[in-house]
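Given next, in structure tokens, is a single chain: the form predicted on its own.
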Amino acid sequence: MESQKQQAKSWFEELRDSLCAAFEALEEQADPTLYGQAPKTPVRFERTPWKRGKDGEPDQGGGVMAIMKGRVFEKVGVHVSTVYGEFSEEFRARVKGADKDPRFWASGISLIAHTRNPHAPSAHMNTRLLETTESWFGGGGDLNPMLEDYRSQSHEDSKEFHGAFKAACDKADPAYYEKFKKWCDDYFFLPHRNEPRGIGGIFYDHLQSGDWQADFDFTKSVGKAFLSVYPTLVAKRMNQKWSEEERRQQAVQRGRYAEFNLLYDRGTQFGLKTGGNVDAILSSLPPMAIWD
């Protein structure tokens, strides 16, 4: 069991490093004439370690928050954490297996990318391993185009994004894609507006097929799929010219994103309820948004 935990933790850190490198490479490729108001030179991720719990308390793990505010990426965070301890009495009834024993261990990676160019989509991805008296994987990824012309399942960016995840799913189980795609569509939905947050992707939780290695391999495939497709989509769009009206539309759509994360996102609630790093948890919020 301990070796499995270490395998998962090491993979999330490896994936983090690969994603950060890919995003930093895109910063190098930004057209300086287009990004005149952004940083003049490419920037790098700033990594900040943090520990869970208060000084003097037993070790409860922690993580590393990696944030970059650059030219292509107005704000991008790629965070890895490994935390453990006991759920509060209020929270343990809401987590599988914690009602029998409040102790838990969780490790995962969480990514949110807000691009400066309205033509380049924002995106979210996370994968994790959580252990209580039971053990399971969860996660997924979804694409959030900012402009209406891109918010269609038939758009080429959507097809490419979904195609990458379908390939990862089909490799593990042909039934996964349709199941996890629907789960994503149902989850990333704003009921108070009766509209989806973006154009979807996949989402899964409580994945415990009985074959830990197969579930872990699938979770790795999800991360690799995102790494292969999302930087490619950004590279395709990041040097297109945009207008002030398109930036305004982007800010409105970002408001929708903020609404979901603050009102409905279970990951946000989990992090805040379990003593996670507040700055890392709320880094998912866009750098600028409007409501009009």
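Residue indices: 1-based, along the sequence shown. Just so it is clear, the model here is predicted, and its values are computed rather than measured.
Beyond the structure shown, there is the form predicted together with a further copy of the same chain, which is absent from this document and is the topic of what follows.
The shortest heavy atom separation between Glu259 and a further copy of the same chain in the predicted bound form is within 4.5 Å. Mapping the unseen interface onto this chain, Lys69 counts among the residues with a heavy atom inside 4.5 Å of a further copy of the same chain in the predicted bound form. Within 4.5 Å of some heavy atom of a further copy of the same chain in the predicted bound form lies at least one heavy atom of Lys75.
Contact check for Ser18: every heavy atom lies farther than 4.5 Å from a further copy of the same chain in the predicted bound form. The three residues Leu207, Ser221 and Val229 each lack any heavy atom within 4.5 Å of a further copy of the same chain in the predicted bound form. A heavy atom within 4.5 Å of a further copy of the same chain in the predicted bound form is found for one listed residue only; from Lys182, Arg193, Arg94, Lys159, this is Arg193. Contact annotation: a further copy of the same chain lies within 4.5 Å of heavy atoms from the stretch 259-267 in the predicted bound form, the single such stretch among 49-57, 259-267, 238-246, 25-33. Counting a residue when any of its non-hydrogen atoms is within 4.5 Å of a further copy of the same chain in the predicted bound form, the hits in 265-289 run Gln269, Leu272, Val278, Leu282, Leu285, Pro286, Pro287, Met288, Ala289.
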